[in-house]
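Shown below, as structure tokens, is a lone chain in the form predicted alone; questions about how it binds or moves come after it.
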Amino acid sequence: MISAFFIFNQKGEVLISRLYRTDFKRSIADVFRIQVVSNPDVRSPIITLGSTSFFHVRVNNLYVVAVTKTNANAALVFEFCYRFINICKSYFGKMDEEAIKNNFVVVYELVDEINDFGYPQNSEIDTLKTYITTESVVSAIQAPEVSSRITAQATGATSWRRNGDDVKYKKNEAFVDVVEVVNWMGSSKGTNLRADVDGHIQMRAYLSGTPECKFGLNDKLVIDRSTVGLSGPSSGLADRGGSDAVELDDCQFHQCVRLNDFDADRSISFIPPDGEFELMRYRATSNIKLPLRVIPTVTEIGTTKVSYDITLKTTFSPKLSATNIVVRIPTPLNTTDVDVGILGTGKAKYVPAENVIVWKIPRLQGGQECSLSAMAQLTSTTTRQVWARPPIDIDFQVLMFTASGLIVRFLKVFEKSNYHSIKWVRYLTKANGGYQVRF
């Protein structure tokens, strides 16, 4: 599948190079440097030149590149690249040029271990850390025993978790975070042009032994499409849910999940990896609950002024609150100054370098609203250009709220020793640059 793997820095220098097959020479790196790194106009993550395809992911000014001549599954190639990035972050704490240069020996070990002749192999972080470490080498006396235990784990039924006797905690806890990123585009008339949610369920399991976990979601949960990634297909219920049903367009599970149970009663049964892992990803485009509403009134007064009246409303329960709210309101390019007249709450200032008014609100309770009024002063120009009016952008976070309506009904832990475990569930909905309204 993959014939070569490279990591470039932003200058185009090769930091890591590995050829898995003989159909490429190392000079293929020069082609990527010239065609992609040195060309600022390239925006596609896939570049095909002749029979050669370059798949690249950019992270912290690094290019993670996979090269192939075959008609490879693009989703699988990108999944491999992102898995490699997550592995590096787990090992080194970050993924940047300094981390790669300081740990290039470990990086080469990882590159060789997770890919064999171009085909992805075991990429479970917990398993990799048992035999690829940054610590001192195990003594020769312990080596045979440790080696056999590693082999049993890597080739066993639960390759993602160590032997139950090796995992012990004084306090058995499980933390579940349901994190959703809501994207919304509203029109100037108040209608929804687009609304969707990208969510994932992150879990941290600090449980002794080999526990069996059962995780229940909403009673009314509809999977609209039949594709479930990595672990295989789901049944894909064709019936649409009612207005109170949670409809997921697609979802993807960690390989530890037993899909048969999910298809039967929407419960997720699994033996969790030790530590932190992503249990599930999902996407929803129906029945989205928007936590914030923005009502903008922007009026151009002649050619020298623009007045702003922006109202922000929260639509969730008064028991909850939105935090770290940042509203970015665009101004014309010929703006000289902005006078903020009436400000309900928070702080607002004009940022000339970005041509925006930045309105920051530390906290806003559910059911409340706040307003901002401002007047932008413009310089007169000989030729008047039509203002494009970019959308207003809003960033925020709301704890214990889900825009899709997804909830965790229960979380049970079963283990042969019947120990008591503590379970924690947290919900977080946030917007990062994709929550906008036109005016």
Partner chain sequence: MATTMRGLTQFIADIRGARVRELEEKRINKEMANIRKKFKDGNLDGYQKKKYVAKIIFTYILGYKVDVGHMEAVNLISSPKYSEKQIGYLAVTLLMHENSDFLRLVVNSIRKDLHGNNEIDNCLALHAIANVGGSEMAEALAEDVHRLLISPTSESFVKKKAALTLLRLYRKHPDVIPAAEWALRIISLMDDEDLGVVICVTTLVMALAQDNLDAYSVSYTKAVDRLNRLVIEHEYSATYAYYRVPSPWLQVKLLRLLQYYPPSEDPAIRSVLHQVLQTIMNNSAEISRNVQHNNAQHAVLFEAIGLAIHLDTNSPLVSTAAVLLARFISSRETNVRYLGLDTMAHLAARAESLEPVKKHQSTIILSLRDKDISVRRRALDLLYSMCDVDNSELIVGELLRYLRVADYALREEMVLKIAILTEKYATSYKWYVDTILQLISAAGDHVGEEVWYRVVQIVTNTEDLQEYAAKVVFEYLKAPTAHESLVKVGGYILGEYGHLIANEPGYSPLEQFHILHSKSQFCMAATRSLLLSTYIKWVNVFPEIKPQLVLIFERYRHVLDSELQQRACEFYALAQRPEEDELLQNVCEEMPPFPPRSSTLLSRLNKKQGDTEDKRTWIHGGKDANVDRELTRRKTLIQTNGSAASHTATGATSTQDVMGSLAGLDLGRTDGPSSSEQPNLAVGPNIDRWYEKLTSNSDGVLFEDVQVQIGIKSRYQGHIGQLAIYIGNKVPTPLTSFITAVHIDDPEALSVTFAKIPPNVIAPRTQTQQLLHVECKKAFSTPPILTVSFLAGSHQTTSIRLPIVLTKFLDHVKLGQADFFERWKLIGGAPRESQSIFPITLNSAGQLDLPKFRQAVTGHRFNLLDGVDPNPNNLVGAGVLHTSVEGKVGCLLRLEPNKEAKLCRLTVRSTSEDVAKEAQKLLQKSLQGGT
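Positions refer to the first chain, counted from 1. In this text, all values refer to a predicted model and were calculated from it rather than measured experimentally. Note that the rigid core is defined as the largest set of C-alphas that superpose within 1.5 Å between two forms.
This next part talks about the form predicted together with its partner chain, which is not shown.
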Subject >> residue 354, heavy atom within 4.5 angstroms of its partner chain in the predicted bound form >> reply: yes
Original post:
Would residue 385 count as a contact of its partner chain in the predicted bound form, using a 4.5 angstroms cut-off between non-hydrogen atoms?
Top reply: yes
Subject >> Interface membership of residue 188, its partner chain in the predicted bound form, 4.5 Å heavy atom rule >> reply: no
Original post:
Does the 4.5 Å heavy atom contact test between residue 378 and its partner chain in the predicted bound form come out positive?
Top reply: yes
Original post:
Tell me, which of 337, 263, 109, 212 has a heavy atom within 4.5 angstroms of its partner chain in the predicted bound form?
Top reply: 337
**OP:** Note which of 277, 316, 78, 350 lies within 4.5 Å of its partner chain in the predicted bound form, where distance is taken over heavy atoms; exactly one does.
**Re:** 350
**OP:** For the three residues 172, 323 and 370, verify that every one has a non-hydrogen atom within 4.5 Å of its partner chain in the predicted bound form; reply yes or no.
**Re:** no
Subject >> Stretch in contact, per heavy atom within 4.5 angstroms of its partner chain in the predicted bound form, of 118-126, 98-106, 327-335, 193-201 >> reply: 327-335
Original post:
Listed by sequence position, which residues of 55-71 have a non-hydrogen atom within 4.5 angstroms of its partner chain in the predicted bound form?
Top reply: 61
Subject >> Core-aligned C-alpha movement of residue 64 between the shown form and the other one reaching 2 Å >> reply: no
Original post:
Hey, does residue 332 budge by 2 Å or more at the Cα between the shown form and the other one once the core is superposed?
Top reply: yes
Subject >> residue 176 C-alpha shift between the shown form and the other one of 2 Å or more, rigid core reference >> reply: no
